[in-house]
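Next up is one chain by itself, shown in structure tokens, the form predicted alone.
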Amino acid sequence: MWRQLLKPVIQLRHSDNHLLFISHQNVYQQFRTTFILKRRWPPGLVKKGRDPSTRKMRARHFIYDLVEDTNVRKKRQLEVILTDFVAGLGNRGDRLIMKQKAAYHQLLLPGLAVYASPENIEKFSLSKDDVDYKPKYSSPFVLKTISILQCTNVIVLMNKDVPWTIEPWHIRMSFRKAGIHVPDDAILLPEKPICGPNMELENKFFEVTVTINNTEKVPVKCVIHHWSTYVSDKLTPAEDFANQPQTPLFPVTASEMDSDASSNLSTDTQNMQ
């Protein structure tokens, strides 16, 4: 029976493949587990001067109660220091406290962070105090905000019966309807004013520049749609502007088209990462 079980192993040892000979060099590490136990009935003490080995322990002395299983003990969190900008977490030199597994796999292994040892704390604190130090982004959530704004088409509802000129507060109200809060001072309109009502502007888009934290600037598409208080004069709005071909309100130059293509390519690359 044992010869039949060991027969494949013997054949492998006599094989010509040299890669099979390193199988006996594998290192087997014991799975470390710790259980804290307590005797249910502790044995009595040995009298002074007597040999403890002469006292026999009974079967009840080997009954234990489980006090704690260290495998399910809650692990303490780990403090790390970022070595580069990480979207959603922070800039270089920021100190974070995370779960051990997440910090190890997401930050320490890729080289995006180091342990918060006294040497590393001093090293990165000096780098942040440097005069030439400038954070890569103004906020950990800037990249995600930029990607959301670039993919958003803001519908600007304008009156069909009353003359108007688009102002920043029109764009702010349209952003608010889309679930995005943008102050007036963070909205930059095109240089050429947009006036109406003009049905030639219907479903045409123009770009406004939104400034995030007074640092990053993002172009956002805004689509004009005329609205009327009279039911008979209402226009049917498009259900999804993103899937329909849109006409720019102002002519787009070749340089702007190249910049839009590069920005879209960078956004797609960040999303893939």
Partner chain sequence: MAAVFGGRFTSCFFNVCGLRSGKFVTSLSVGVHEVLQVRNYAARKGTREKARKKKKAKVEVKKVGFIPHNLRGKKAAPVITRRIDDSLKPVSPDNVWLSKFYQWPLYSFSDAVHCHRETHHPTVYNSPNEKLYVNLELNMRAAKENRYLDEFTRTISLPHPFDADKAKSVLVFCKSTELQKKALIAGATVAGDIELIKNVQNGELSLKDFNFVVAHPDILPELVLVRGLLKRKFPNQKSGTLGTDIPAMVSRFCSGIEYTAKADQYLKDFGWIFTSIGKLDMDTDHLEENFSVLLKDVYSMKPNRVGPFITKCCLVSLPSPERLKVDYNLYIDEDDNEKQEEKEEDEEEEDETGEAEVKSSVVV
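Everything quoted here is computed from the prediction, not taken from an experiment. Numbering follows the first chain given and starts at 1.
We do not show the form predicted in complex with its partner chain, though everything after this point is about it.
Relative to its partner chain in the model of the complex, residues 101, 114 and 118 are all farther than 4.5 Å at every heavy atom.
Heavy atoms within 4.5 Å of its partner chain in the model of the complex are found in one stretch of 137-145, 92-100, 106-114, 79-87, which is 137-145. In the model of the complex, residue 210 approaches its partner chain with a heavy atom inside 4.5 Å. In the model of the complex, its partner chain lies within 4.5 Å of some heavy atom of residue 180. Its partner chain in the model of the complex comes within 4.5 Å of no heavy atom belonging to residue 193. Taking the partner from elsewhere, residue 154 is found to have every heavy atom lying beyond 4.5 Å of its partner chain in the model of the complex. Between its partner chain and the residues 159, 198, 203, 150, the one pair within 4.5 Å by heavy atoms in the model of the complex involves 159.
Interface residue among 53, 33, 247, 229 relative to its partner chain in the model of the complex, by the heavy atom within 4.5 Å criterion: 229. Residues of 100-121 placing a heavy atom within 4.5 Å of its partner chain in the model of the complex: none.
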